[in-house]
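Before any questions on binding or motion, here is one chain by itself as C-alpha cells, the form predicted alone.
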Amino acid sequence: MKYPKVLISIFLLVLIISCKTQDNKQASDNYAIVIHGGAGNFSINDIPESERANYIDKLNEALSTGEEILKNGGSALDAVEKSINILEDSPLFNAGKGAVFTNAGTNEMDASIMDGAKIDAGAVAGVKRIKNPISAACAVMEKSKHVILSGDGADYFAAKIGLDTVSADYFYTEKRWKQLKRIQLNEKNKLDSKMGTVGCVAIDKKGNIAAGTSTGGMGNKMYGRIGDSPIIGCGTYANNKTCGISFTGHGEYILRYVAAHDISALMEYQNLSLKEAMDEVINNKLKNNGGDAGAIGIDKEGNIEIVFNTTGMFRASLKSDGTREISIGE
C-alpha cells in the first residue's frame, strides 16, 4: 500500500519528536556529586573542635558550588573544576593555598581532570605558581594537544593563557610550615598522616561523568617527586561506560596498582558493581600491600560510593533527590 507523502512526513515528524522525548528522558533531571578532602589514620578527636566546623563549612561550600552547576544543567566537568577550586583556595586542605612543603621548603602541586564522555584528560605536575592547578589541568585538556605538562613549562603555559598565577609566598601557611618541621624532626602528630589531597566526581543531567584530583603531594617529599594525582588511571579516571574515580592516600601504592583505572576495568570486564570494585582495589589489593588509601566514585547510574582503608576521610556528597551527607571522620 502506498501512503501519501504528507502522511509519511507526519509520521517521520512524530518519530523525530518521540526520539527527542526519549533522549530527554535519558538525560532526565538526575545528577550527583561527591568530593573528598583527604584520608588518613586519624580520628575526629584529633581535630581541634574549633576547626571541625570550618572543615564542614568548606566541604559544604564546595558541594553547593557543584550542585548549583549541575541542577542548572551545567556539565560534570565544570562542576568538578569549580568544586575543587573552592578547596584549593582554602588553607584547610593539601591543595592550592594549603599545599604542604617539600623537604626543600617549597610547594610543588599536581592536578588532573578527566572527561568520561570523550575519554579526554589533562594534568599538571610539579607546578609552583598556578593558583588553581585543577583549572590548569582542565586547560591542558581543552587548549593543548597534550595530556600532562610539568614544572616551569606548565607554569608558563598557565600564565600564557591567562590563568591566575601567584608568587611563591601565596602558598605559605604557618600550619604547613610547622608540619614540615615536625616531620623533619620525626615528631609524632596524627594529623600529619592525613593525606589532604582533594578530589571530586560528578555525573550531570546528560549522564556524562567527570573526575578530578588536586594535591600538594606528600609532606617533606623529595625535589621533583610526582605522585598519583596527576597520573591518569592512577589518581583520577572517568569513563561514561563505567564510573568516575578520584583517589587520596599513599601515592606510591596508588601508582603501582594503577588504582583508579583498575576499578573501572573490574566493572567493565568482570561486571563488578562500583562498590565491589572499589572494595577489591582499596581493601584488598592496596591494603594487603601496605597502601593507605581512600577513593570516591560515581557509576553510570549515578550511584555514589566512598571507600577507604584508613581510620578517617574527609568527604561530602549529594544527589538530585535531596540526599546530602558530609563527614570528616570514620
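Position 1 is the first residue in the sequence shown; the rest follow in order. No experiment lies behind these values; they were computed from the predicted model shown.
Here the subject shifts to the form predicted in complex with a small molecule, a form of this protein not shown in this document.
When contacts are judged by a 4.5 Å heavy atom cut-off, T236 does not count as touching the small molecule in the predicted bound form. In the predicted bound form, M141 stays away from the small molecule, with no heavy atom inside 4.5 Å. Interface residue remark: D115 is not counted as part of the site for the small molecule in the predicted bound form, having no heavy atom within 4.5 Å. In the predicted bound form, I232 stays away from the small molecule, with no heavy atom inside 4.5 Å. The candidate spot formed by E88, A99 and P133 is out of contact with the small molecule in the predicted bound form: none of the three has a heavy atom within 4.5 Å.
Out of the listed residues R129, R176, H250, K82, H250 is the one that sits within 4.5 Å of the small molecule in the predicted bound form by at least one heavy atom. Heavy atoms within 4.5 Å of the small molecule in the predicted bound form are found in exactly one of 200 to 208, 217 to 225, 165 to 173, 152 to 160, that being 217 to 225.
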